Structure formats: structure tokens, C-alpha cells
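Just the one chain here, the form predicted on its own, laid out as C-alpha cells.
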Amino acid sequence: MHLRIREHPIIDFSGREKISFYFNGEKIVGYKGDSIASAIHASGVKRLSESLKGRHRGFFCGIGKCSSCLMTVNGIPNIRTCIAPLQEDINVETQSKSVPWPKVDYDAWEDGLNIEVDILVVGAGPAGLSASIEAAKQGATVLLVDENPRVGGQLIKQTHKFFGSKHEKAGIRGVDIAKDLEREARDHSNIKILLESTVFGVYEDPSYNGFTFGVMKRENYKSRLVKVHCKEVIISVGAMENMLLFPGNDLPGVYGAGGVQTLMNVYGVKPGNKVLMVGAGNVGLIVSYQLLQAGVDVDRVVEAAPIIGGYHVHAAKLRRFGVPIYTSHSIKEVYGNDCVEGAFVVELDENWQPIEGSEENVECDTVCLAVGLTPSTRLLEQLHVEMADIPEAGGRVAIHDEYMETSVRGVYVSGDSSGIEEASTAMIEGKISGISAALALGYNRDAEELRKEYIERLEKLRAGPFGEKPRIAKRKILEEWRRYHGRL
């Protein structure tokens, strides 16, 4: 079973250079630009690793934030193959639960690379790119770090056109917005970009008056330590896919919606041939339509809520293609031997409880979970930023003011790390955080005027019924901010 997308109405996957490599001793052919995991998946292999209990694991998030794709590459264990670029003649092996722990060379810290900048921006998605560009325009020097092999974050998989105003790139596809932002960032002499690099911790350094971060730079599946000194830091690391609890949710063939988008729209690989979509918010509806564009059969969309959560224009597209959307329905169980072979869906009553006798068997090889995101906060918590549980923001988030500064002076947040929203708002939040960080360092070409304009644009973007949830989230975050400062 080969899962390459041969024709696509928007993205051209033809003409790519072939690359051969070895997977568990078998020679496989992938393409330049593939990740290791996407190339293996394209050949029809869905089992990538094993859990500690020996259960099979497959592709899930596609952005290096889960452990489902950890494999051994050229003898090096625990490589995140979903973000590791494919190279010629590498040897990839499935890991078992008995894989040895890798050794760390702590002496390499002293021999590593040292970088000093005004502002470190962690995460090169829409928020991080926008923050870097705005800060650099004011005159600050910026280091932009991302653990993926390319910049753009979620934008590189968004083939749909954005809503909003002209300022927020309305009418332009996310993939094209990513190219524009990358071009602008790379063309600016004040911005240095470090890819395939993970910011793993913040450390005390008595010799430096600022922040000191540890960064692991990956080259040919090996790592090099980098020490980064900065005066301000902007955390724009995005979010993680949510999971639902049901029997069989760990089978290969159960994906997060973002992982499905990554496979299809970045690597040109189908997740499977027949999909059950769980979740009728904007993400579930958009990804369902993108699956149809890729030639994948979408059996149905099920939504636990009594109403569709996404824009009705997206739902209308699916209905025109004959894809039914079942509200007050959810997934009960996934079954299969080595991977997904089908699922049971069930109708829910007004108390969100399964209605006895309503179970229906859906034969499918793919279950896609579009059930929301949770902000990534590990680095923020290492920085001892004050946190709060805000359900409307997606869970636990850093409290921050309207200028995107957290409770720790010099630490800013933007994008999904500050609360789950659209990419359009992430870009504006990134601009505000970038300007604010530059302004705090004394760079002020037109910072104050621009920041005021961006705040007004952000308020307009959140206006209307679909902006109610983020409006509530930001109001609660500001309330927590004021409450925290009242205790100081």
C-alpha cells in the first residue's frame, strides 16, 4: 500500500528528487524534503515504535511533541523522526521498549557555540516570525530558534485562504503567508535563524546580566550544545494536540488533525484511504475538506456538541461533497490488530452520555482527532512565569498584560502559547510582543505608535460571535495579571 498524493489542486508534489534509505533492513525510496517518518508512512508502514508496554505506536502529531515516532537512526536512539529530515542511505530501526538510554556529553556545554543577542524568539511559527520581524525593524538583534527543519509553524500546512482584513492577509493561503514571512525574516540583517534546534532550558549565569538558555542544535542526527545569552525572550512555541480517552486510541492510524495536515500538505502523503473525523470545529471541518482534496474518502464527521463549532462556510463545503456531519455524536472505541480497522461511534444525550443501542460500526483505516489544542508551557514554567488555568484559552497559560509581557520582566509570550486562537491573531500578538521587547531595550523608531495600532487591530479581529471565546480568555488573563500584581 503506497500513500503518496499524485495529484493535488493546490500543491505540486511532482519533480522531487528520490532518496533511498533502509528501514529495518529493507531498502525504501523517499523524496527530498520528506521527514523520516513521512517517508516510512508513505510506503504503507504505519507502525513506527512501541510503548513501554509493547503496544504499537504510529504517526500522531507530526511536530515532535509526542513520543510516537521515536526511532533509532544510524545507531542513535530516540530520534524524533517526524521532524528529522530524510537523508540518503541512513539506517532507520524500530525501537523496542528495551532501547538503551542515550548518553549525554555534559562537557560539550563548555565547548559549544555561544551566541549573544538582544532578543531570543523561541518558535518560528506565525507569531515568532512576526515578533522577530517587528523587533528587528526597531533595531534589535534577534535569534529565531525552531526545532523543525523549516520555518512557518502551522502556516506551512494551511492550504485554505484566510479570513479577516487585508492587514491580516485575508484571501491569502497560509502556505503563501509562510513564504512571505520567511522571506522577510531572512532578508533582515538583524535576524539570525537557527533551525533543527531545541531550546531545552534556562540557566543562571552570574557572569551575564540577562537570560542564558541552553539550545540543542541537531546536525546529521547528532547534537551540538549552544549557549544563548539574551536580554529579552519571546516564547512562541505553539500548542500540542489534545487526545480523547477511548479504547484503541493509541493504535497506529489514530492521528491528531495537525499530524494529518502535516502528512498531506507538507509531505504529500495520505494518512490512509478512509477517514472518520472527530470534531466539527474549524480545524475538523477544514482538514476534512483538505482530505477530500488529497483524494481521501471522509466517511463522516462526528461532533459531541449539539451544534457545529466551526464556520458554516466550511461545513457547507463538506455537505456539497456528500460528507455527513453528526452532532451529539462521538467515538466510543477503535478496533484493529496492528493498526486501525474501524471504529464505533455513538449518539449522545443532552447530558453528553452515550445513548444505549445507538452504536454504529464505521469501517475505516484512519481516525482523525480534531478536539482542540493545549498551549505548550514547559519553557514558560521553567522561567517561573505565573500561570493560570483558563479553559477558554485552552488550559494552563502564562498570565500577561496587553503588551504580551508575562509576570517575569523581559519574558513575553505570543501565539497559541498565550492561548489558543487563529493564526491571524497569532501574527498580531507576535508583532505586539516583538515591538514591546524592542521598546523595553530602548529601540523606538515608531514602536509606540505601531503597538497602539496593532492592539486596536487585535480588538477588531476578536469582535463578533466567533471571537467571544478568545475575548473571554484574554479578559480572564488580564484579571489574573492585575490580581497577581496586586499581591506584590
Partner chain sequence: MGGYEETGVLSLDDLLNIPSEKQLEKGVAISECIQNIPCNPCVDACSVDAISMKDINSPPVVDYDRCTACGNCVAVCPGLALFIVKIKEDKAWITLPYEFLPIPEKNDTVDALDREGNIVGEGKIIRVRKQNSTWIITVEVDRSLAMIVRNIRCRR
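As the structure is a computational prediction, the values presented were derived from the model and not from experiment. Residue numbers count along the first chain shown, from 1.
Quick note: we don't show the form predicted together with its partner chain, though the next part is all about it.
* Asked: Where, among 364-372, 408-416, 320-328, 248-256, do residues come within 4.5 Å of its partner chain in the predicted complex by heavy atom distance?
  -> Checking each option against the 4.5 Å cut-off leaves 320-328.
* Asked: Taking 4.5 angstroms as the cut-off for heavy atoms, does G75 touch its partner chain in the predicted complex?
  -> G75: no, not in contact with its partner chain in the predicted complex.
* **Heavy atom of F466 within 4.5 Å of its partner chain in the predicted complex** => Yes, F466 is a contact residue.
* Using heavy atoms and a 4.5 Å limit, would one call Q293 a contact residue for its partner chain in the predicted complex? -> Yes, Q293 lies within 4.5 Å of its partner chain in the predicted complex.
* **4.5 angstroms heavy atom contact with its partner chain in the predicted complex for K460** => Contact check for K460: yes, within 4.5 Å of its partner chain in the predicted complex.
* **its partner chain in the predicted complex: contacted by all of M216, K222 and R378, heavy atom 4.5 Å** => No: none of M216, K222 and R378 comes within 4.5 Å of its partner chain in the predicted complex.
* To do: Find the only residue in K274, R173, K332, R396 having a heavy atom within 4.5 Å of its partner chain in the predicted complex.
  => Looking at K274, R173, K332, R396 one by one, just R173 meets the 4.5 Å heavy-atom criterion.
* Since the partner is left out here, which residues of 151-182 would have a heavy atom within 4.5 Å of its partner chain in the predicted complex? -> Result: K161, F162, F163, G164, S165, K166, A170, G171, R173.
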